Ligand code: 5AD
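Encoded as structure tokens, the following chain is the form predicted alone, with no partner shown.
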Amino acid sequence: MDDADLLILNTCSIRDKAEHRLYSELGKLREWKALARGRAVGVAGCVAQQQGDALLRRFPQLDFVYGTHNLRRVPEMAAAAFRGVRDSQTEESRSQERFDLPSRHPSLEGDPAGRAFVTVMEGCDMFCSFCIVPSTRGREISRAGAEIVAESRNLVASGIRELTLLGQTVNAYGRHDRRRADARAEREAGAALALAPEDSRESFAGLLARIAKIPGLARLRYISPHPIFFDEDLIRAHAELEVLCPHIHLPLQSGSSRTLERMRRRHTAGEYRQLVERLRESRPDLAITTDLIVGFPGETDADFAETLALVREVSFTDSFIFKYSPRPGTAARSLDGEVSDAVAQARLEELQDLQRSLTLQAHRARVGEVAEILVEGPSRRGGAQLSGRDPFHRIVNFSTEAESPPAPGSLIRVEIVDATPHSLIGVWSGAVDDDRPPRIVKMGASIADERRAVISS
């Protein structure tokens, strides 16, 4: 920070805790800005979209604010800030231009070694009762498929081995374009359909298939899908696309159908369970992670017990678990049945304890495997260990018996020798597998057998 001329705080407003942290950080930055002339401060992201000019009025040390549709304006807003101009840009855009971002400054470090993220759609039309995202990210808009594939090709050509496709409801990609194209075709007896761009009617599964064909791509992921947008093609893709990783982050939020209805999730606990079964029929070794909310208005002990039961049944590899946080403009704020903080905290801790035990069981079941790791760099555990992620998106901290450590971005085979609730522990013998080794070489029983054993225990 001491060497910086410009600081930008990128914000999230899913929970009020993150919003309050922004205000605290802006308070601290008053002193930073006063210590040297020519410094500027900007705020980006969902709180910026939500608050806009109000942030400029509240914090005189703040120079500019830009919302979720205005990332491409950063260079001009930053330049204006250094001239003393304070500005806020939070207007929404339905134009494809919002995806045309400025190129990186040559001195800026790139994505984590070997990995990159590609936006395929933005916004959300689901309006879950607890969620502020439709207000801060706007309505769904899908990016042109040709642009997505072109960016993906360029990234792989630059040395990227793993791509993650991003969207608020990523597997809803293209649905409105297909609906509009079908409506035009019906009105004009097929003329409009013939004139519509090929990728304007492309499904998410079709997009995955196109990207999976890019030479040199080793891994493909996507986040975050909505359960109701899994069609047969997408489920089948997990069996048919070699580079599509055996991991899905599949938000559940609650295991109670009654609570899911109050959340406006548009599916029941039973339908979620059936989707998991179909996905695991397609890919038996699939690792599933999820999001869970406790203390939602009206959640009873019985509702919470149903969540515990479903978490045990699905045997999630990991979960992000939160206490319900009221957000402005959401329907849940008007619901009755407030859950006390003490009860919500107790439920949070019980669910976290359960998830830790499930994660540790899943990790221990993998001891003895040889796993493919995409090397990221030094381990947070410190010492001489390095770290990377396997195809199941699990962190693997490993030591090496080789004289030279593997370079970040390398694909290597690591023997899993131990497990913790947070990561797998491995040993690397020194071989680098840049010719795409098998994603998992199993020693002993199959992963599916191991998973069934874990679930039954």
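Don't overthink the numbering: it's just position in the shown sequence, from 1. Quick caveat: nothing in here was measured; it's all calculated off a predicted structure.
What follows is about the form predicted in complex with the ligand, which we do not show.
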{"query": "Contact residue in the model of the complex, from Ile373, Cys131, Ile148, Ile248 (heavy atom within 4.5 Å of the ligand)", "finding": "Cys131"}
{"query": "Listed residue that, although the ligand is not shown, lies within 4.5 Å of it in the model of the complex (heavy atoms), from Ser387, Gln89, Ser325, Gln361", "finding": "Ser325"}
{"query": "The ligand contact in the model of the complex: Asp341, any heavy atom under 4.5 Å", "finding": "no"}
{"query": "Contact test in the model of the complex: Ile293 vs the ligand, heavy atoms, 4.5 Å", "finding": "yes"}
{"query": "Close approach of Gln253 to the ligand in the model of the complex, 4.5 Å, heavy atom", "finding": "yes"}
{"query": "Contact of Arg21 with the ligand in the model of the complex (heavy atom, 4.5 Å)", "finding": "no"}
{"query": "Location of the ligand contact in the model of the complex, chosen stretch of 315-323, 235-243, 272-280, 93-101 [non-hydrogen atom, 4.5 Å]", "finding": "315-323"}
{"query": "In the model of the complex: members of 150-164 within 4.5 Å of the ligand, any heavy atom", "finding": "none"}
